[in-house]
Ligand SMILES: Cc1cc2nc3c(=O)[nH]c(=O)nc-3n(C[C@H](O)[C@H](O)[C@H](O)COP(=O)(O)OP(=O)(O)OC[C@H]3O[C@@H](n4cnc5c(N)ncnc54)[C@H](O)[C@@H]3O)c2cc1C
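Here we start with a single chain on its own, the form predicted alone, put down as structure tokens.
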């Protein structure tokens, strides 16, 4: 029987980051992945012969520190790739473009307001940025280093000045609708700027539930409200290559059936894993990058957990509200009023449309006016489609996991045609260019990628499920009630998205 220092469950990007750091410290590390490829939601999927994309279709805030530490540039990933603009599409072709801190397509008042708003929000993002790559200590009975972590945060807030500190605390729980209405007049602009605080969540512009946390996390990257031209495929390949070079043993097609629990000197102890095949593998430490519900309820089992803790895990909000829509296209689509669709294109005419789409989903319906984010990744990565042809990848927000009446083939096809009609309002010739389409609802993401509820972040990124409370007390700080069992996935601080923070932080805690 093989024995390892650490076994990591799940070869998503956080699992690979954590494994890489541990292997570089001299550990013997085994990384187990249930599917046939690494990357999790960022893995490349071929949805039509020779047409490929991934669920996580863009990079906006991957950690510069992680990229440097793991030498990802040597392995083919360029974190400094040029950023792409974010474009708010308008039916009358008066599109709004955000790029490099500049804005075009709005009135002078909104242009000036955007500069002031961006400067303020960026100061807030810079204040909290160091803490995304740190363990946020629990509250109470803290050690001196933990007390110093809170002192560091307090000092950063004081350095902002009294006025900015008051403003930060004021808007921390402010609905995104109020924040946008306070600053801007243009409806498309307000919808655009609210998008990064809402995407991937079960929140809408009027939700009094802390969209600012998600917004500040996404603005921790080098460019605000923009995505990188570097491909997700290249990032995953670089992480895979770097981990292998560091000595990580990676096994794909190796689903874990359970985490083996035994008795230790101070209580229950994770001693290894059991695969679906029945094979058992021992380790000093087991680390799960799976979501908290799957980790504790399925892999550990409630028989090993205290009932109060189990109830907190069951209550974690993890309802996925984003569908993925892919088109295989004969050629590059033409969007009216744009020289090229090279950027992140948003279809969200105003915040009411976003709010109403959320309301529909909340009651188990799909909005007849969908809101979505579109990229064409094949513009910058020619390996994703045959020569001269392209892939369109869209995040469609507010698509319920459970639809009233169910998701049968007829309903799927009707919704697919609605999405194509919606895109065609801005790209009139696109229907004639379509070779194939694919719609993945949250239930598909749950089934194919093993993510409870199909939720991007493994659980809602809200104030009560973030920072020192993520995913919940007793399982925060990357530790668990089971000795030798740790977490390193998006359900940990700082949350989801292609950042690598959870994998980085978990490795540092384990190495302590």
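This structure is a prediction, so every number in the text was calculated from the model and none was measured. Residue numbers count along the first chain shown, from 1.
Quick note: we don't show the form predicted in complex with the named molecule, though the next part is all about it.
- Contact annotation: of the candidates 70, 29, 485, 41, the single residue with a non-hydrogen atom within 4.5 angstroms of the named molecule in the predicted bound form is 41.
- At a distance threshold of 4.5 angstroms between non-hydrogen atoms, residue 55 is in contact with the named molecule in the predicted bound form.
- Proximity of residue 75 to the named molecule in the predicted bound form: non-hydrogen atoms within 4.5 Å are absent; the residue sits far from the partner.
- With a 4.5 Å cutoff on heavy atoms, residue 294 counts as touching the named molecule in the predicted bound form.
- Residue contact with the named molecule in the predicted bound form: residue 222 places no heavy atom within 4.5 Å of it.
- For the candidate spot formed by 194, 350 and 357, no residue has a non-hydrogen atom within 4.5 angstroms of the named molecule in the predicted bound form.
- Picking from 282 to 290, 333 to 341, 412 to 420, 176 to 184 the stretch near the named molecule in the predicted bound form, with a 4.5 Å limit on heavy atoms, gives 282 to 290.
- Taking a 4.5 Å heavy atom cutoff to the named molecule in the predicted bound form, the contacting residues in 460 to 493 are 489, 490.
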